[in-house]
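Consider the single chain below, provided in structure tokens and representing the form predicted alone.
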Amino acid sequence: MVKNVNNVYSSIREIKRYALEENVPIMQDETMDFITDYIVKKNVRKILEVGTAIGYSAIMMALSSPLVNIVSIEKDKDRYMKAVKNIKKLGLEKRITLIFNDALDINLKDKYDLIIIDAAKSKNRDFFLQFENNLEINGAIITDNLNFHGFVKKDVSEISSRNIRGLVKKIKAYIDFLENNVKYKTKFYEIGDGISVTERRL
């Protein structure tokens, strides 16, 4: 385990600097603060994260409470290996379990208090449906990047890139899916790049 606060801060700064230099997307500070506050307020214990990247968000969530345990899934080998190193450096490998695989190829049996969807934006709905049965009754699913750098707020016809148009259409369809889902209630927040918090209707 990292022995002092200065070492923790130094390691976090190093991870963020690497992400910036290597163009690896990690959670914005505002989003990360919202999620770590949510973990503490809701007494979250078990988290499933879809999209590890280099381990930044999993590390921050683990540091928010010594009682938190996380399973995080990543399909990119280079990012997965970097996440393994970062998590080990911070001594969190006993509380963060990494899975190297495509999330849509995984069937998990455990239940989680919180599920984070932060992977391929075009597959948000697929990830939601894949893991909704792993959500505890009073748990929540948080999805990140629903504004997608402001593109989702635009009319699709205004977007010149065909790839981005297609992606934006899928994100908008996912937002509609959340808004009209009779089994769940969703709140949307203009935090970071836009997030949603989805809970079951009890």
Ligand code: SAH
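One-based numbering along the sequence shown. Please read all numbers here as calculations on a predicted model, not as lab measurements.
The next section is about a form of this same protein that is not shown, the form predicted together with the ligand.
If you check A103, L114, I96, A83 against the ligand in the model of the complex, which one has a heavy atom within 4.5 Å? Answer to the contact question: A103.
Wondering, does G139 line up within 4.5 Å of the ligand in the model of the complex on heavy atoms? Flag for G139 set to no.
Is T143 part of the interface with the ligand in the model of the complex - any heavy atom within 4.5 Å? No, T143 is distant from the partner.
Just checking whether I175 would be counted as a contact of the ligand in the model of the complex - the rule being heavy atoms within 4.5 angstroms. Answer no; every heavy atom of I175 is more than 4.5 Å from the ligand in the model of the complex.
Give a yes/no on whether I47 approaches the ligand to within 4.5 Å in the model of the complex, heavy atoms considered. Heavy-atom contact with the ligand at 4.5 Å: absent for I47.
So which of 49 to 57, 167 to 175, 150 to 158, 36 to 44 is the stretch with heavy atoms within 4.5 Å of the ligand in the model of the complex? Correct option: 49 to 57.
With the ligand taken in the model of the complex, which residues across 118 to 152 come within 4.5 angstroms through any non-hydrogen atom? Stretch hits, in order: D118, A119, A120, F127.
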